[in-house]
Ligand SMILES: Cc1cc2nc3c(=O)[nH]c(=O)nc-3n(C[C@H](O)[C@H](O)[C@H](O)COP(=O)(O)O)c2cc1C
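Okay, here we've got a single chain as structure tokens, the form predicted on its own, with questions on binding and movement later.
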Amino acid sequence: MKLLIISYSQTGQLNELIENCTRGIDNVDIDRIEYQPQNDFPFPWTSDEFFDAMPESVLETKLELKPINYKHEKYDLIILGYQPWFLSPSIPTSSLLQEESFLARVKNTPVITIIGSRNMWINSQKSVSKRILEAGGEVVGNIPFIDTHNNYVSAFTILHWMLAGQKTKKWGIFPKPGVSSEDIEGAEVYAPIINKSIQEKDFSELQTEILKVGKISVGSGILFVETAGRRIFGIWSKLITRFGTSPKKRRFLIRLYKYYLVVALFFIAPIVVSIFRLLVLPFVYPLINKRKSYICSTKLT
């Protein structure tokens, strides 16, 4: 059996997750690829550089990747590791999913996605699944890993990580950003599940077995925020790309967006989510639960 494991990771966290999820896979010809953009993104980022990546992330603008040297023309399984940026696939991920050489290998091939994210991955997975389906492939398993801390705490700590370049406790009091060490190490629980499907060459029940582990869940508040946030990001991305016609104009709009995001995330969103939980959620709870089941399946497109 030929297995392609492919990913892009600035911090190395995603690669750790992939390594633990695939630990112990044997009797398989593994092609492990870590691809890179031709002009890679900075790490650590500056604040302006970080937020400047939003429009192209949301619009899924393709950038040029360095040539990828595959061992084979065809694989029996692909494991794609990626991270969301601004509720969308990261720009390197979107670019890979628009590369003809990669899409040719996706055709008629089962794909497992492994996600390393802050806490919102639904919209990005929807886009990734759609592109894989359009290429003739099939998502047979999805394992998202998230920062399980409070939404507002994790938003603050992830910025610390991206701008400082170190996965450390801000001021010594905030929790470490990103997926916890326990969850990274605990990713090994998925290895025998994936290995069993590989050895049996049967992925029909893979996602069912993944969900039985009980570590994948979607919060109602997060679901609501992500749905609304995707629309707002779409408006801002179009506004910035349309009117940011010079470096000065774009920089002004990016900073305006940044300040808007801080106000929306830390002041407006808590109020809106509270109202949603008190006045709306009790009446739509069955529909929300049905939506969550759909999201956790491999049918999300």
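Heads up: residue numbers just count along the shown sequence, starting at 1. What you see is a predicted model; the values in this text were computed from it and never measured.
As for the form predicted in complex with this ligand, it is not shown, yet the points below apply to it.
- Though this ligand is absent from this view, in the model of the complex it lies within 4.5 Å of a heavy atom of just one residue from 75, 190, 86, 102, which is 86.
- This chain is drawn without this ligand; in the model of the complex, the residue among 142, 109, 197, 119 with a heavy atom within 4.5 Å of it is 119.
- This chain is displayed without this ligand, yet in the model of the complex the stretch 86-94 from 202-210, 182-190, 133-141, 86-94 comes within 4.5 Å of it by heavy atoms.
- Contact annotation: residue 158 falls within 4.5 Å of this ligand in the model of the complex, judged by heavy atom distances.
- Within 4.5 Å of any heavy atom of this ligand in the model of the complex lies no heavy atom of residue 24.
- Heavy atoms of residue 12 reach within 4.5 Å of this ligand in the model of the complex, making it an interface residue.
- Within 4.5 Å of some heavy atom of this ligand in the model of the complex lies at least one heavy atom of residue 50.
- With contact defined as any non-hydrogen atom lying within 4.5 angstroms of this ligand in the model of the complex, 45 is the only contacting residue in 22-46.
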